[in-house]
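One chain is shown next in structure tokens, namely the form predicted alone.
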């Protein structure tokens, strides 16, 4: 692992292969990823791209077939199964898309937030649970049960639960996948506000491009590898229509090709189209007094 105390997540050459009888499915193939302390990052990809597998490995819920993964400076592959569970409970908050995995239906919102603290022996559970629910805008719903809460309110309870043990890292797997656009926006605003106010590192996995407008860093994943990154360049208003999302992203984010630690380059499809690059063409890098320039060499006459 690189000697960088600001890194909360570092994945090096991650490979994950699922085996079922004679069938092998490669979910991750040599993926590299670094996330620094305090970042609010979205990992975007289509279904089957490997994004949820990546999140589960970072959370310690799955082990990779090969590669290395460090979270909060800890080498997860050196942990026993018991140590991994304890680390997950104390250091990582997780928000699932499926409400049934976040909330116990017969408990109140406050009781649900207190459950993780009961497991770890956290003191002052009641006061901290009340404060967390207040943070996510549900101070008046702390005695409500699952059936008395809307979908968006249930996810905000889930966010409060994820913060119960004061984790260094919060991971969210499709947290807006089962709610409407307006509710999704409200949920993302909660993540954004908590990230700024508490300084918590947040990684959100999704296929929803709307999330891009709410975060500073967007990472695309395709075929189990990091494809490209988008970094926000200015702060325009977020009150835009869904039809304008791609235009909004293009105005507020700069997109970069990715070169991994093995020297492999992943170029976004849109960038390939703009540069008129096709598969099989050779890229030549020249150094001059202005720095480095990249040229596309045509392989056809």
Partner chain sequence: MLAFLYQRIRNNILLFVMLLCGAILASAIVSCIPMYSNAIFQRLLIKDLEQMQKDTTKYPGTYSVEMIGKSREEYQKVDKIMYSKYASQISLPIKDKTAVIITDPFNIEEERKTKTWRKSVISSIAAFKNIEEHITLLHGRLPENNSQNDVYEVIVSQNAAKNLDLILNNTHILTKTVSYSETKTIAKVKVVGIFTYKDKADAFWDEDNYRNLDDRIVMLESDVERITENRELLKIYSMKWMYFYDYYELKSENIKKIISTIYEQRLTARVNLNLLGVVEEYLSRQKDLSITLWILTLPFIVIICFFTLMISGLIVKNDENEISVLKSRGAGTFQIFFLYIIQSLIMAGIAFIIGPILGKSICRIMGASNGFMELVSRKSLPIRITAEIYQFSLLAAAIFVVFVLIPAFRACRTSIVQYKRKKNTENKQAIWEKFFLDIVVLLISVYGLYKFSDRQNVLQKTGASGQELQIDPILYMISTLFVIGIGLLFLRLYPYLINCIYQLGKNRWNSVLYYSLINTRRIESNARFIMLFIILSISFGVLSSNQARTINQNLEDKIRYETGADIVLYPYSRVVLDSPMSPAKSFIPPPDPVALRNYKPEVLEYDEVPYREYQNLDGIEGITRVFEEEKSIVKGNSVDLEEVKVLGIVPHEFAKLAWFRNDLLPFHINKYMNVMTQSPNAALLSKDMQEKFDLGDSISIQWGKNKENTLLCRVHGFINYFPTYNPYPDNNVTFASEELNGVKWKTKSLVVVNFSTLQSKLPGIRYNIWIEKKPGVTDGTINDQL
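Numbering follows the first chain given and starts at 1. Keep in mind that this is a model prediction, so the values were computed, not measured.
What follows is about the form predicted in complex with the partner chain, which we do not show.
S.K.: Name the single residue among 130, 122, 217, 145 that comes within 4.5 Å of the partner chain in the predicted complex, judging by heavy atoms.
M.R.: When the partner chain is considered in the predicted complex, the option within 4.5 Å is 145.
S.K.: At 4.5 Å between heavy atoms, is residue 65 in contact with the partner chain in the predicted complex?
M.R.: So residue 65 does not count as contacting the partner chain.
S.K.: Contact with the partner chain in the predicted complex for residue 61, defined as at least one heavy atom pair within 4.5 Å: yes or no?
M.R.: Answer yes; at least one heavy atom of residue 61 falls within 4.5 Å of the partner chain in the predicted complex.
S.K.: Quick check on residue 101: any heavy atom within 4.5 Å of the partner chain in the predicted complex?
M.R.: Yes, residue 101 is a contact residue.
S.K.: Taking the shortest heavy atom distance, is residue 228 within 4.5 Å of the partner chain in the predicted complex?
M.R.: Residue 228: no contact with the partner chain in the predicted complex.
S.K.: So which stretch, 174-182, 219-227, 104-112, 69-77, is the one near the partner chain in the predicted complex (non-hydrogen atoms, 4.5 Å)?
M.R.: Careful reading of the contacts points to 104-112.
S.K.: For the stretch 79-105, I need every residue with any heavy atom inside 4.5 Å of the partner chain in the predicted complex, listed N to C.
M.R.: Residues within 4.5 Å: 85, 88, 89, 94, 96, 100, 101, 102, 104.
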